[in-house]
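First, one chain by itself: the form predicted alone, in structure tokens.
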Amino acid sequence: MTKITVIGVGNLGAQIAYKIAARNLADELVLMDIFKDLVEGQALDIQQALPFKNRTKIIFGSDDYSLIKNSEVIVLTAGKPRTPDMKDRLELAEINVKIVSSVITEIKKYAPNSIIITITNPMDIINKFIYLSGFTREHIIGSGGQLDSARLRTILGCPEKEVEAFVIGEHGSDQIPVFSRMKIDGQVVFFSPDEEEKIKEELRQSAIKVIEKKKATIFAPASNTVDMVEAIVKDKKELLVCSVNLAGEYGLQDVSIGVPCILGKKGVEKVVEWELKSNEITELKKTAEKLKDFYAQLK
């Protein structure tokens, strides 16, 4: 019996919940949201989509967090979303830390052994906050690196070309494309400094373009997050870029930041330490210090 919970079922949370159900990843899928009509409507809508697919049981609630008991994975999207006028995800920090704090209290009470996938922005900051709230680092995983990597692959020509490319670091303005490991159609590729900067800028603007047009990013973050859920519940031992609280890897600690990880039944089963170029390590450490300094400033 696999039980998965999605907390916060607005546009993004509902899409994640639907994909979890449609991929038949859960026997029981719990939807939680403070808006009672919304969560009931989303639950009924998803349930009605399933009769020709599978028998996933949909459970929903507003303030009865006992429903999440024994959840194997909890996807946390609750919080204020990013808007077009926000220059950086970090602007969301203080209000979303408060929102997440109340939710984490309930998770600790009813599902303390669950694996939590964080989507609420600023994701790296929120992920560190949850970890420091009393969970093991293997169970607190930020969804962002896979999304950024998918956006980078799109910029480089996917799906027309076979692209292997990853983004590490902050899920935000200081994300780091790993140019030293890029391949297109199986061949290692090299870019000039000007080309690299152009790719970085296009990557930084990729989410904003969607938000300006339709007010939110939905399908891309949902799909990449559910890939993480699937890697966990199916114990796939798959390499995915996730935000994880580091304990010495890459020479970093006391920070949650995007790095390659092996995901399986136990959550983050291993942090993979790639051999990076010196400038990539420098960027990673600089971004880590920025995140650590910002976290220290939170009220």
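Counting begins at 1, following the sequence as shown. Remember, it's a predicted structure, so these values are computed and weren't measured experimentally.
Absent from the display: the form predicted in complex with adenosine-5-diphosphoribose. The rest refers to it.
**Student:** May I ask whether Ile20, Val30 and Ser114 each come within 4.5 Å of adenosine-5-diphosphoribose in the predicted complex, counting any non-hydrogen atom?
**Tutor:** So, no: the whole triplet misses adenosine-5-diphosphoribose.
**Student:** Using the partner position in the predicted complex, report whether Ala288 sits within 4.5 Å of adenosine-5-diphosphoribose, counting heavy atoms only.
**Tutor:** Judged by the heavy-atom cut-off of 4.5 Å, Ala288 is well away from adenosine-5-diphosphoribose in the predicted complex.
**Student:** Does any heavy atom of Asn121 come within 4.5 Å of a heavy atom of adenosine-5-diphosphoribose in the predicted complex?
**Tutor:** Although adenosine-5-diphosphoribose is absent here, Asn121 would touch it in the predicted complex, with heavy atoms inside 4.5 Å.
**Student:** Does any heavy atom of Val9 come within 4.5 Å of a heavy atom of adenosine-5-diphosphoribose in the predicted complex?
**Tutor:** Yes, Val9 lies within 4.5 Å of adenosine-5-diphosphoribose in the predicted complex.
**Student:** Hey, in the predicted complex, is Leu38 touching adenosine-5-diphosphoribose, heavy atoms inside 4.5 Å?
**Tutor:** So Leu38 counts as contacting adenosine-5-diphosphoribose.
**Student:** Which one of Thr77, Gln175, Gln146, Ser71 is close to adenosine-5-diphosphoribose in the predicted complex, taking close to mean a heavy atom within 4.5 Å?
**Tutor:** Exactly one residue meets the criterion: Thr77.
**Student:** Though adenosine-5-diphosphoribose is not shown, can you say which of Ala220, Ile155, Leu92, Val163 has a heavy atom within 4.5 Å of it in the predicted complex?
**Tutor:** Comparing distances to adenosine-5-diphosphoribose in the predicted complex, the residue within 4.5 Å is Leu92.
**Student:** Want to guess which of 92-100, 178-186, 202-210, 130-138 is within 4.5 Å of adenosine-5-diphosphoribose in the predicted complex, heavy atoms only?
**Tutor:** Result of the contact check: 92-100.
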